[in-house]
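Just one chain follows, in the form predicted on its own, and it is written as structure tokens.
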């Protein structure tokens, strides 16, 4: 599932490509990925443009048009396998195929197509269809945003804030990091990498962590996420950025996806994989205490 670094990378790519461009046509090939209905979706977006694109956790927020009195927003969640890819023209290739090719990946799993003035095309594709798009007004957006904890890369996310969020929590640290109500945007990949970096066993209860250990986790959150954003996210199978390119952070992973391999830090134990909070969790039982 795309996490904060992947969604941030997609956002930055789309800001360069689609901002301010009039939307000439909206095609919906599969209305099951929409919340609120196909007709409202097409009517709201047709003839408009995106005036801003922001991110909250793993959610993309497209501001629609200049109408201040009745502002609308397009929300996009990519789920497990969703992709948002921009073509400069409908003849451009992605993975060797034009999206017009009915045998291509992009055509088969393409559910929404935005065509812009000048020929640019934005595709929302999703193999497993866990992702979705939704039109909301300002109140609807406000309600959505209340579901998220603080942004871990925001200047407002201080050590003091992190300590306050963690205070009196009885859950284990891995489940805590995955909970979007506590901190927005961290998923399974980066939770494992953050805990390896901070040398904390993912099974540890939050209330068992010392002041020094809390600080270590906080520092690791910033370090790992910033490095992942700088390397345009992590690709294992499905994730690509707005240009259809893979992320480069996979080569920096220390534990995620390395179960059974030798630990890169201690070189004495193999990376172990267990299940925590319903998610596969990789860690070194020697390095992480």
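Given the structure is predicted, the values throughout are model-derived calculations rather than measurements. Numbering follows the first chain given and starts at 1.
Separately, the form predicted in complex with the DNA exists; it is not shown, and the next lines address it.
- The stretch among 113-121, 184-192, 149-157, 209-217 whose residues place heavy atoms within 4.5 Å of the DNA in the predicted bound form is 184-192.
- Contact between residue 128 and the DNA in the predicted bound form is found at the 4.5 Å heavy atom cutoff.
- Contact check for residue 8: no non-hydrogen atom falls within 4.5 Å of the DNA in the predicted bound form.
- By the criterion of a heavy atom within 4.5 Å, residue 73 is excluded from the residues contacting the DNA in the predicted bound form.
- At least one heavy atom of residue 170 is located within 4.5 Å of the DNA in the predicted bound form.
- Taking 35, 43, 226, 246 one by one, only a single residue has any non-hydrogen atom within 4.5 Å of the DNA in the predicted bound form, and it is 35.
- Interface residues of 1-34, taken as those with a heavy atom within 4.5 Å of the DNA in the predicted bound form (partner not displayed): 1, 3, in sequence order.
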